[in-house]
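The data below hold one chain only, encoded as structure tokens and taken in the form predicted on its own.
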């Protein structure tokens, strides 16, 4: 019953993910951080099979960090999304594919623009203004379609995100209780209380 949401606004990307780690009907943990910081201006929310998600997220984090060490500059969001998509596509064609869905958001310091990428477990990638993964997407996508504004301030973006979370809490039978919210903008990555 994982839910993750992301949206872009005027100079920022907001990413929210539930903090529940569950398997079948058992909740194992209620404080799981499902959003990885991949660089100074890059975030990735992940969901899917429990073992695959953590392993793939750490693999991506280490390889993007290695790129930064070797080349003395971090990957831009579009390049990082392409690399992650290729890594997922390569794993799909191996004996041990990763079953991971991702939302990758970043702020490009060269163009001064935020960008958000939706990547699924099949290696499909799309640059989008807003995105969701999990059962919550059935309810949140219509809200985001109606209320998302690409020129919205951070406060307006948080209000839209609250609408999505409230709708999922109201309508989903097994709704997650808590969410972790992070934002990436020109100042870097930081966590925000909702």
Partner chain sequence: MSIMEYNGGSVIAMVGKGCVAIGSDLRLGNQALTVATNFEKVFPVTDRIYLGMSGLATDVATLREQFRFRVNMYQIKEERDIEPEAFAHLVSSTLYERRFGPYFIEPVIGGLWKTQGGEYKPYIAAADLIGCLNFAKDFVVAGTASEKLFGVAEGLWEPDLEPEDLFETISQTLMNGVDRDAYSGWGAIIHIVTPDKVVTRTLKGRMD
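Numbering follows the first chain given and starts at 1. Since the structure is predicted, the reported quantities are computational estimates derived from the model, not experimental observations.
Just so it is clear, the following notes concern the form predicted in complex with its partner chain, a form of the same protein that is not shown.
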**Prompt:** Is residue 30 close enough to its partner chain in the predicted bound form to count, meaning some heavy atom within 4.5 Å?
**Reply:** no
**Prompt:** Is there a heavy atom of residue 124 no more than 4.5 Å from a heavy atom of its partner chain in the predicted bound form?
**Reply:** yes
**Request:** Consider residue 112 of the chain shown here, and say whether it contacts its partner chain in the predicted bound form, taking contact as heavy atoms within 4.5 Å.
**Result:** no
**residue 128, heavy atom within 4.5 angstroms of its partner chain in the predicted bound form** = yes
**Asked** Based on heavy atom distances of at most 4.5 Å to its partner chain in the predicted bound form, which listed stretch, 51-59, 162-170, 134-142, 33-41, is the contact stretch?
**Response** 134-142
**Message:** Quick one: 155, 182 and 190 and its partner chain in the predicted bound form, is every residue within 4.5 Å by at least one heavy atom?
**Reply:** no
**Message:** If you apply a 4.5 angstroms heavy atom cut-off, which residues in 58-91 are near its partner chain in the predicted bound form?
**Reply:** 85, 86, 89
